[in-house]
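Below you will find one chain, with nothing else, as structure tokens; this is the form predicted alone, and questions on how it binds or moves follow later.
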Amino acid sequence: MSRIAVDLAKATRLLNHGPTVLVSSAHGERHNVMAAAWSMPLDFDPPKVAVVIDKATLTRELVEASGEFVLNIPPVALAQATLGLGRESGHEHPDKLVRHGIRLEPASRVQAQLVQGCIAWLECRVLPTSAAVAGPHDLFLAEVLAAWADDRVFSDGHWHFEAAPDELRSLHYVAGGHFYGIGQALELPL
């Protein structure tokens, strides 16, 4: 795999197809990763995203302390780990990253780290307006500072899942441990 930088003008395309994400967070020496099904692009210039992070999670604690996070887009190959990271709290299972085979590497612009084996990464800084939104609603708004993608499935500002092996397709969570890998491309004339 070769990781390519994604032009920030195209960064929101990494989320446009509605994938499940892994939210990595860090503060001081503590690191955590949780799965989130509710994330979305918000704006293009500068690129902004939204993600729901429940107030009971260790990730929420770390994001509030650091003001940053990474949205990692896992492929089908990480489905079992994604399910485990979504079901287990970092508060109750401090070893969950090791048990689920999650390896982290440094990000370029934030303290939170990149999850190895993902197909895209968005390094994000929480926007000041999130304090008003996150409160009872758990919604965080953030600016994308840097974006990366696996060039086997993303290049020239577009996903290319139709040519990707099944294990590199993005995950989409439905409920009850049920996921879909992204399906067939359908391109219509504009």
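One rule holds for the numbers: they count along the sequence shown, beginning at 1. Please read all numbers here as calculations on a predicted model, not as lab measurements.
What comes next is about the form predicted in complex with a further copy of the same chain, which does not appear here.
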Seminar exercise, completed: Partner contact check in the predicted complex: of 144 to 152, 24 to 32, 46 to 54, 65 to 73, the stretch with a heavy atom within 4.5 Å of a further copy of the same chain is 46 to 54
Exercise. Counting only non-hydrogen atoms and a 4.5 angstroms cut-off, does Ala5 reach a further copy of the same chain in the predicted complex?
Worked result: no
Exercise. At the 4.5 Å heavy atom threshold, is His91 in contact with a further copy of the same chain in the predicted complex?
Worked result: no
For this session: State yes or no: in the predicted complex, is some non-hydrogen atom of Ala185 no more than 4.5 angstroms from a non-hydrogen atom of a further copy of the same chain?
Result: yes
Problem set entry | Exercise: Arg103 in contact with a further copy of the same chain in the predicted complex, heavy atom 4.5 Å | no
Problem set entry | Members of 76 to 101 lying within 4.5 angstroms of a further copy of the same chain, judged by heavy atom, in the predicted complex | Val76, Ala79, Gln80, Leu83, Arg87
